[in-house]
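In structure tokens, one chain follows: the form predicted alone.
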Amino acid sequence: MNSDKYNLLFVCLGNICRSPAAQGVMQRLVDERGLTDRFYIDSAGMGGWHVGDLPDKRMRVHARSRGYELTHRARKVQSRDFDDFDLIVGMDASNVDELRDLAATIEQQDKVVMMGDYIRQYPHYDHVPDPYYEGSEGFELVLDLLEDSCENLLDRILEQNNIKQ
């Protein structure tokens, strides 16, 4: 981790669909806004079933059609993540609850937020649903939700941390 950067971690269940997609979407936003040198963005999963794997092929295909290349290798959330990252973003309530349970201090718990809190264009969604057992529409929905919520999350981070573009 780099203390000169804002360190942002996205978390889902297995780190092969939602969180690597969020990482890719946020990285492109940061790059487009000229903030690449101000952010470190990563993703992880609550479970270790897919450690070392690329994101799910279906997610990579759908992401690629929108111009995102998802090359992250899956990893499991580690206790040091709570020290290394400024903000940890869970994709759904279950992820957030588990992350808060893993946090060793109140300060670490306060670093955990839910991605759904930043969704604005899709008011019927309060979380980013897992597309793993869905068809193409599930992966497209996840990308729609992430494009919306990542932009709102980035704006909030910039505002709260007085980061200039």
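In this text, residue numbers run from 1 along the sequence as written. Since the structure is predicted, the reported quantities are computational estimates derived from the model, not experimental observations.
There is another form of this protein, the form predicted in complex with 4-nitrophenyl phosphate (4NP), and it is not shown here; the text below is about that form.
**Message:** Whether Gly116 contacts 4-nitrophenyl phosphate (4NP) in the model of the complex should be assessed with a 4.5 Å heavy atom distance threshold; does it?
**Reply:** Outside the cut-off, so no.
**Message:** Is it the case that His50, even though its partner is missing from this view, gets within 4.5 Å of 4-nitrophenyl phosphate (4NP) in the model of the complex, heavy atoms only?
**Reply:** His50: contacts 4-nitrophenyl phosphate (4NP) in the model of the complex.
**Asked** Does 4-nitrophenyl phosphate (4NP) come within 4.5 Å of any heavy atom of Asp130 in the model of the complex?
**Response** Asp130: yes, in contact with 4-nitrophenyl phosphate (4NP) in the model of the complex.
**Request:** Would you please decide whether Asn15 lies within 4.5 angstroms of 4-nitrophenyl phosphate (4NP) in the model of the complex, comparing each non-hydrogen atom pair?
**Result:** Yes, Asn15 is a contact residue.
**Asked** For the chain seen here without its partner, which of 31-39, 63-71, 98-106, 132-140 has a heavy atom within 4.5 Å of 4-nitrophenyl phosphate (4NP) in the model of the complex?
**Response** Answer to the contact question: 132-140.
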